[in-house]
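One chain comes next, on its own, written as structure tokens: the form predicted alone.
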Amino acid sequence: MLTIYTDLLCIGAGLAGERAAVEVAGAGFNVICLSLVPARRSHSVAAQGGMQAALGNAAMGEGDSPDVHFADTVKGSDWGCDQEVARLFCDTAPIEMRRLASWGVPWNRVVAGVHTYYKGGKPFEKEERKEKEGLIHARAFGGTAKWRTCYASDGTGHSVLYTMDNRAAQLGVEVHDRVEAISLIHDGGNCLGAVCRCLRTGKLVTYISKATLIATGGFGRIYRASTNAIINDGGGLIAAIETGVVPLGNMEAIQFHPTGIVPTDILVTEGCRGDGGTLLDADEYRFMPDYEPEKAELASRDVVARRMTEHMLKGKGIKSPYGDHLWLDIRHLGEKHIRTKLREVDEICQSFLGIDPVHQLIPVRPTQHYSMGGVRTNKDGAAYGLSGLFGAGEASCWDMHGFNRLGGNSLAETVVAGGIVGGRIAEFLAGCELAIRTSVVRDRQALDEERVKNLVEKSGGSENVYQVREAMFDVLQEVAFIYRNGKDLESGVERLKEILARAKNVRLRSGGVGANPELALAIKLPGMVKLAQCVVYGALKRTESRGSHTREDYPERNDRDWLTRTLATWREGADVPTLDYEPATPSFELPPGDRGYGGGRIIPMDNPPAGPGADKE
């Protein structure tokens, strides 16, 4: 088996992975990034709306600061985040946006003068100041007190990823595309690299590294209806949880984006609502102000998705062959705005729906979009359980999002966390000498070779891999979507136990070891079902509602008992994960309180922390 050595092995070549790679390569170390697709096709490229950073350049962003951004982020998380990490992120984000500009990102810029903007479908005027002309502009996003989402029309991910890939190439970062990590090599205490599979030839390759970074993005494709690319099936998280010692954090915290188009579930950006778009029901009535009088369509994503679902359950949805949906109306924004600042939305609507959003309504409904959970790391990005293993981006639980993330915070997190974690990896490598027991590597290689051989040679097994996946889809769609309850979740746990046994008993209908999607799925399917079980089992045990986790039978946010982070570890031979808990944050800069939107009752902490300055009375 071919063995390749490097200082840093980055599993994933999206924004988080390449930003960390740039930092490490800039410090003089060798870096290899693995990617299922060419780096510029990583799912980061699909991000549309923008990146949050408190620059305060826009007229509607005046008075913004990292403090205001921090408060919005903590409230958006429903107090489920690590406030130390949220503070680190908010303070660093403005620096990173300016750094990206210096590397070549074509941010939209402030144009001085009087401009029209829309709120709730109605036009208003704002005046951009002359002294701010040419600085990075911002748009409105949900759950924010100020306009702070930096953007490049609605192709922000595209612009930033292409810029980052250029920067990585300049620094000599190697990208090995169409290569998938199928397991981590470790000795129980140290991560030593990964066994990978070439998706072209099917051959296994071993990568030995001093440090390994998991940056594989989200795992939304364990759901049937998701905005995620098909490559977002949780490969990095599967490799981590299969170690038996690396926990995944907050896996029950799944975000459902309000505006996936029907029927494809492709995302249309929150920028549509940030720029003034409205949500309409079957009567073309704008209903969100009835539920959220202050924030309306610009409440946080968990709240808007929940209100939309609630409204459809009242019979106000539009009937279609694909189920009920609602309308997104951006017609009033005008042709010039839609064809320029929302041009990707325009192209998506015309290409996938055959409609022109300048003149027609867009059919939308909530769909799985983002995973707040992931490989649990500390504030430096170091994974729990194994030295030398790190995580960044959506694949990690860093944890600045808690139980709901604000739009624009995730895309910004990729580069902010990527830079911070990359710096910590460089420090780790500076003092690292790798000692490897060759037997550890050989044993891991042998296990993976046997696993693939058994599938290819059709040794035993009777289950169809696609039918097993559909069964997993059914469970998540039925019990772990926007609304959850104990009875359904208990049923889901038992069903997933059976599905896991089936996933370990598949038989391929195809042949060949190379470019074979059935084989690729069969290798990952048991791990995908384990991720699904982490979601469902974690949701069952969390008897409260917080952020995107909504329990019909426990509607209160329970700060007394559940101001915690779930840690899920999978022991060998188990059919459910072992769950442990840790405090959501080591300290409170912003004590728990009301978010200001979303409603709901709160069960307070028995001994709430005193606010800043309380000891100075």
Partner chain sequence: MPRNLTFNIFRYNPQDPASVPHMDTFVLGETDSMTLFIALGRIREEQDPSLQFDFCCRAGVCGSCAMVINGRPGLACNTKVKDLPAEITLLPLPFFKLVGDLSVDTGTWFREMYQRVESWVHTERVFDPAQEEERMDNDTANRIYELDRCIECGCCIAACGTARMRKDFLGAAGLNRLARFLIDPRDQRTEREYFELIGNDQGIFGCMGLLACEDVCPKRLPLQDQLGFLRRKMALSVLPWKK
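No experiment lies behind these values; they were computed from the predicted model shown. Positions refer to the first chain, counted from 1. Basically, rigid core = biggest C-alpha set you can superpose within 1.5 Å across the two forms.
Below, we refer to the form predicted together with its partner chain, which is not included among the displayed structures.
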Exercise. If you check 278, 206, 153, 243 against its partner chain in the predicted bound form, which one has a heavy atom within 4.5 Å?
Worked result: 153
For this session: Name the residue from 337, 210, 484, 158 that puts a heavy atom within 4.5 Å of its partner chain in the predicted bound form.
Result: 158
Seminar exercise, completed: In contact with its partner chain in the predicted bound form (heavy atoms, 4.5 Å), from 540 to 548, 442 to 450, 185 to 193, 222 to 230, is stretch 222 to 230
For this session: Give a yes/no on whether residue 170 approaches its partner chain to within 4.5 Å in the predicted bound form, heavy atoms considered.
Result: yes
Exercise. Applying a 4.5 Å heavy atom distance criterion, does residue 505 contact its partner chain in the predicted bound form?
Worked result: no
Exercise. Just to confirm, residue 132 within 4.5 Å of its partner chain in the predicted bound form by heavy atoms?
Worked result: yes
Exercise. Within a 4.5 Å heavy atom cut-off, is residue 513 in contact with its partner chain in the predicted bound form?
Worked result: yes
For this session: Indicate whether the candidate residues 54, 119 and 364 are all in contact with its partner chain in the predicted bound form, with contact defined as any heavy atom within 4.5 Å.
Result: no
For this session: Just give me the residues of 323 to 340, first to last, that have a heavy atom within 4.5 Å of its partner chain in the predicted bound form.
Result: none
Problem set entry | residue 360 C-alpha moves between the shown form and the other one by 2 Å or more, core aligned | yes
For this session: Would you tell me if residue 268 moves between the shown form and the other one by 2 Å or more at its C-alpha, with the rigid core held superposed?
Result: yes
Exercise. Would one find the Cα atoms of residue 103 and residue 343 closer or farther in the predicted bound form than in this form, where their distance changes by 3 Å or more?
Worked result: farther
For this session: Just say closer or farther for the C-alpha distance from residue 344 to residue 14 in the predicted bound form, relative to the shown form; it changes by 3 Å or more.
Result: farther
